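This document starts with one chain, in the form predicted on its own, laid out as C-alpha cells.
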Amino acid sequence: MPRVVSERSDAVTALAEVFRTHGFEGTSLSVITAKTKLGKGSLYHFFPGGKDEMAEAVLEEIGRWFEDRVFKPLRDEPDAEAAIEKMFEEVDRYFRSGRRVCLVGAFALGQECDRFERQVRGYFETWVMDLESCLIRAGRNETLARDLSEDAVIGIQGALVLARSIGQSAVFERTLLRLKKRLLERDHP
C-alpha cells in the first residue's frame, strides 16, 4: 500500500536515497514508487514536472544542506581554522564516513550532467571558492589557497569513490585526516 506523506521534504529525502542507489538514468517511476513506497499521486502532487523535478529538488536540498553546514561557515566563520575543522566533520557526517555516494558527483559523471549543470557546477564551484577564501583568511597566499581548495575537494570526491569501490570506509576517514592536516599546516612551500 502506498505511503502517504504530507510534506514535500519527506519525499525529497526518500528520493535522494533512490537516486543514490540507482542513479538518475536507472531510476524509473516504478523504481521510485517501489523504493519510496510513495504513490504516483503523491509524487505527481509534489513534483508535477516528473523525474526531472524530483532530481532538481534533491539537488537543491543537498545544496541547502551544504550551504548551511559547509559553505556558509567557510565564508563567514571568523576563525578560519575552526571553519575548516567543521567542514571535515560535516563532510564525514554527511557521507557517513565514505559509505554514502556523493549524488552531485554522480550526476556530474552521468548523462544527466548537462541537464543539471547549474546545480552540479554551483555545488563544486561554491565549495572550491568558499574553501579558497577561508584558506586566504587563514593566511595562505591566493595561489596556494586555490591549489589546496581544489586538491581538498578532489581528494574528498576521490576518496568517496575509492572507499565505496573497495568497501573500506577507513580509506575515506584516513583521506579526510590527511587533507585536514594539509589544509591546517602552517608552513606551506
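The first residue of the sequence shown is number 1, and the count goes up from there. None of these values were measured; they are calculated from a predicted model.
We do not show the form predicted together with the DNA, though everything after this point is about it.
Engineer: Taking the DNA in the model of the complex as the reference, which of 35, 137, 51, 146 has a non-hydrogen atom within 4.5 Å?
Structural biologist: Flagged contact: 51.
Engineer: From the candidate stretches 41-49, 56-64, 149-157, 129-137, select the single one in contact with the DNA in the model of the complex, where contact means a heavy atom within 4.5 Å.
Structural biologist: Going by heavy atoms within 4.5 Å, the stretch is 41-49.
Engineer: With the partner left out of view, is residue 29 within 4.5 angstroms of the DNA in the model of the complex by any non-hydrogen atom?
Structural biologist: So residue 29 counts as contacting the DNA.
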